[in-house]
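Next up: just one chain, as structure tokens, the form predicted alone.
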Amino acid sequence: MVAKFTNDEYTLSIAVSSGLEKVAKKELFRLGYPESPALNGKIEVKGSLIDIARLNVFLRTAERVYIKLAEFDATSFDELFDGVSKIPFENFIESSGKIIVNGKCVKSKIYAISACQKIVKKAVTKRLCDKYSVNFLSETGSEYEIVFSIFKDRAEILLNTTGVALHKRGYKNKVWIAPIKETLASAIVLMSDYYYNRPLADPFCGSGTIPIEASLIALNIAPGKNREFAFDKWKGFDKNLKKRVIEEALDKEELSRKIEVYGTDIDKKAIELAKYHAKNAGLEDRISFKTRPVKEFKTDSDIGTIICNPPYGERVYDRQEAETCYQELGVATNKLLGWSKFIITSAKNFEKKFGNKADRERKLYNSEKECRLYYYYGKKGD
């Protein structure tokens, strides 16, 4: 038996990494959603089924989009079971659906995650068996991830519409050393002063994430237009909705824009990988990647934006080598008065080694590592 999603208004919970809440809120506003507060790493908006598709396809800085199924007090396993049992899962999950349960418990009377997983799975299974008049669920069909979050004895039950996180755009299918997540790279670009009509350079481009994300933003290409989401496989979800969203995304693209985006790195293999990723993203003719050490960074442009994620001295280089990179970056770029610099690093002494105090800084997390984004604003041209 197939569930049938109704076109009701849902509460959609958007998961956002710490430090990116403000930029994600601006993204939502630009997409036409009313301003909502960010609480505990999530932003809630109201939306229908097509909004589920839109948010997954268009959002650059969020991690996942969930349907919020219920919220209730849960100070015991019985209360958790009863609360989950009241949720109309038959509206979402077909009789053959495969049910995955994950979650977390924080500052609550019930805190055993594995036990909570079993309770939630049992409650969902019983509800569906009763509604479909079966003795057991085959779980041979599409996958549905139900996520519970119990915080201070208040339980939220969510349905993951995204699947694997949104930073998995689809163009990076080969791993490089210490990569920056696509969502974080996009957020830094959006927080910078970069605009499509000025050059952008990344002198530590690695596998190309920052130049690729900047180009997607400059050309207004939706980051999720070429990937699959969890809802794509759900039998009861109208497949025409995503087609409409992809048409909207294609209509909004600005492919006629001329952009100047450059990525350089001292490692030849990194540049080869960056070119491969750019090709996967359909940007091989839009970005220039070259093998070049940072001390040889040069430009003919009077204005521009540098965005980079230099080595931290923890996984790639040792600390002394990383500090040398900061010094060489400072020597090569501090004389470029019309160029702005946006540099993310975990190094506490970055400004000293770079040779210049930042105009401002912002705390961010790169793969759960606490970092600072240093802002250096260039002088404005005419």
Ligand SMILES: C[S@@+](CC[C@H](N)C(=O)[O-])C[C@H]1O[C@@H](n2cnc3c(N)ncnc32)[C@H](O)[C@@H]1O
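Quantities reported herein were computed from a predicted structural model and do not represent experimental measurements. We number the residues from 1 along the sequence you see.
Keep in mind the form predicted in complex with the ligand is missing from the figure; the text below concerns it.
At least one heavy atom of Phe204 is located within 4.5 Å of the ligand in the model of the complex. Contact check for Ile177: a non-hydrogen atom falls within 4.5 Å of the ligand in the model of the complex. With a 4.5 Å cutoff on heavy atoms, Gly263 does not count as touching the ligand in the model of the complex; it lies far away. In the model of the complex, none of the heavy atoms of Asp51 sits within 4.5 Å of a heavy atom of the ligand. Though the ligand is absent from this view, in the model of the complex it lies within 4.5 Å of a heavy atom of just one residue from Pro310, Gly97, Gly304, Pro223, which is Pro310. Contact with the ligand in the model of the complex, judged by any heavy atom within 4.5 Å, is made by just one of Arg198, Arg127, Lys275, Arg292: Arg292. Highlighted residues Glu21, Lys42 and Gln117: none comes within 4.5 Å of the ligand in the model of the complex, counting any heavy atom. Only one segment in the set 34-42, 63-71, 322-330, 347-355 has residues whose heavy atoms sit within 4.5 Å of the ligand in the model of the complex; it is 322-330.
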